[in-house]
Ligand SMILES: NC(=O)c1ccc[n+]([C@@H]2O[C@H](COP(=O)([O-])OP(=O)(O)OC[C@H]3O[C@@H](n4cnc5c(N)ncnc54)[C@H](O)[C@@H]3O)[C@@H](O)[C@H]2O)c1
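Consider the single chain below, provided in structure tokens and representing the form predicted on its own.
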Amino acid sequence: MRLSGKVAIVTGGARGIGAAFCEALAREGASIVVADVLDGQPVVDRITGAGGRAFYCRTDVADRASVTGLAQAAVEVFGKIDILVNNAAIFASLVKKSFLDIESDEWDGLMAVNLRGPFECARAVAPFMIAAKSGRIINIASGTAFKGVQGMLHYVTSKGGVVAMTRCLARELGPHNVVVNAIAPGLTMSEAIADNPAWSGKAAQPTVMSRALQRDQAPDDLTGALVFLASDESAFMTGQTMVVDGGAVMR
């Protein structure tokens, strides 16, 4: 129960990695706000059924008013915000293509969610954390930002931006005792990825073989790093990106 009494917002929390994050934080005692454009009530029901506290807030991270409403709802229901997990992103629906074939509207739509979304969420929760002189912001980047991957220029660029944002936010929020770190997963077999033959099965084998630990990555492989970054165990660590991908990226 390392997070007993804490309140955590998890964006993109309705399924996949986000749902695993919500349930892992709840098991450690945190109260959870499941934020997603998809229905997060099933995740809430699992948490509350196990004795935890949670509620679902429909949230579009690319919409400032929606994100402002999310922060206000969290404070109204639970009284504060201790942890923000910026997990919401566009990935599973992507089709690999040359950067020459990425249309401008596709680029802008992805950036609105993957890069501006974490910015909007951090901006919405920061005043509450600054007032409390305490907080944890955990951004979800990607190992692809350190490797460079063909056919995904917009996605990889967005995640590189998340790494840079993490460092800048850590500098700005450090004087207020708010720490900002990131996790960079490898290709993770969430439901949406596992069900997509473009990313799973034979398509995933080159990624798997690039790892020191040559197996598929599951959402639960990320929860240990998440809980560590959300807890007091990482209180003197900020501006860092932890790569959790089975050893494909070593730096």
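Residues carry their position along the shown sequence, with the first being 1. Keep in mind the model is a prediction, meaning the values are calculated, not measured.
If you look for the form predicted together with the named molecule, you will not find it shown, but the lines that follow are about it.
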| query | finding |
| --- | --- |
| Candidate stretches 139-147, 126-134, 99-107, 174-182 - the one whose heavy atoms come within 4.5 Å of the named molecule in the predicted bound form | 139-147 |
| Position in contact with the named molecule when the complex is considered in the predicted bound form, options A225, V208, V37, A198, heavy atoms within 4.5 Å | V37 |
| Contact assignment for the named molecule in the predicted bound form, among A89, V156, L169, I81, heavy atom within 4.5 Å | A89 |
| Contact test in the predicted bound form: V113 vs the named molecule, heavy atoms, 4.5 Å | yes |
| Contact flag, I17 vs the named molecule in the predicted bound form, heavy atom cut 4.5 Å | yes |
| Any non-hydrogen atom of D60 within 4.5 angstroms of the named molecule in the predicted bound form | yes |
| Close approach of A26 to the named molecule in the predicted bound form, 4.5 Å, heavy atom | no |
| Sequence-ordered residues of 182-209 touching the named molecule in the predicted bound form, heavy atom within 4.5 Å | P185, G186, L187, T188, S190, A192, I193 |
